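Shown next as structure tokens: one chain only, the form predicted alone.
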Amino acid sequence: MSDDAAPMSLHTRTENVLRNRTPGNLTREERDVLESAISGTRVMRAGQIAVRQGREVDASTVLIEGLMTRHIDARDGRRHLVGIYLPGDFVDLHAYALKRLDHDVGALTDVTIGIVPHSALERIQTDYPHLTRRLWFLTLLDAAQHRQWVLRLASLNAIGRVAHFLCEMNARLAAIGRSDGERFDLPMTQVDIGEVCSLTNVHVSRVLRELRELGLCTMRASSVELHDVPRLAQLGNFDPHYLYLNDATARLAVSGKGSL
């Protein structure tokens, strides 16, 4: 991990926090407070671990750029992804209360992160109760997403799991201006997607081919194009309610850019 991230302009580090969610975007005052809570930014390379399972921590991480994961390594050595995080996500805000995590937090791509000491979160809790509720909302949102991930594995077949995951990524990226509702970059390998959906990379390859042949989705390298968002959402039983998006973004997530 390095501390050589380039200086960022005011509010750039938190511009995607709660963006286009139903509680409303952060106010200028809330963003000022949250910005001041960030003690510094760091760059991490893909594959590096930010937080090790079981180690005591005194700061939390807000993701500024790139993709991060929460993952657990099983006894047989296989990695299981239990969360994918995008710019604006507080990856381990729950560490403020837990102090030790039951999973690793790592960089899936090269990332830039903001470090928020728990002492700064203590001050926010004391002096800014409304912002504290906003941060609490983030932890509840994270839990809602995790429940959907569990449901996806329990209730959907292979093609449904991948369809649901792609719809979720489209919705979350649309919320931060990284998708137009039908096209987005997703720098994940088939192995990564398999670890999200509990499938082998060979199975993921077959599913992606089937989605393409059905005229629903094309994924080339990190570029994803959704050809029929409503049908893909139906196939994956995707309803964006658990993401707590504002109305316009939620509509985009299930209808595509034609809904704008």
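The first residue of the shown sequence is 1; numbering continues from there. Since we're looking at a predicted model, the values are computed, not measured.
We do not show the form predicted in complex with the DNA, though everything after this point is about it.
Engineer: In the predicted complex, does each of 78, 189 and 209 have a heavy atom within 4.5 Å of the DNA?
Structural biologist: Spot residues vs the DNA: full contact, yes.
Engineer: Considering only heavy atoms, tell me if residue 199 and the DNA come within 4.5 Å of each other in the predicted complex.
Structural biologist: Result yes; residue 199 sits at the interface with the DNA in the predicted complex.
Engineer: Examine residue 231 and determine whether its closest non-hydrogen atom to the DNA in the predicted complex is within 4.5 angstroms.
Structural biologist: Residue-level check for residue 231: no, no contact with the DNA.
Engineer: Using a 4.5 angstroms cut-off on non-hydrogen atoms, would residue 126 count as touching the DNA in the predicted complex?
Structural biologist: Residue 126 lies outside the contact set for the DNA.
Engineer: Does residue 158 reach the DNA in the predicted complex if we count a contact as any heavy atom within 4.5 Å?
Structural biologist: Yes, residue 158 lies within 4.5 Å of the DNA in the predicted complex.
Engineer: From the candidate stretches 45-53, 65-73, 189-197, 24-32, select the single one in contact with the DNA in the predicted complex, where contact means a heavy atom within 4.5 Å.
Structural biologist: Looking at the partner contacts, the answer comes out as 189-197.
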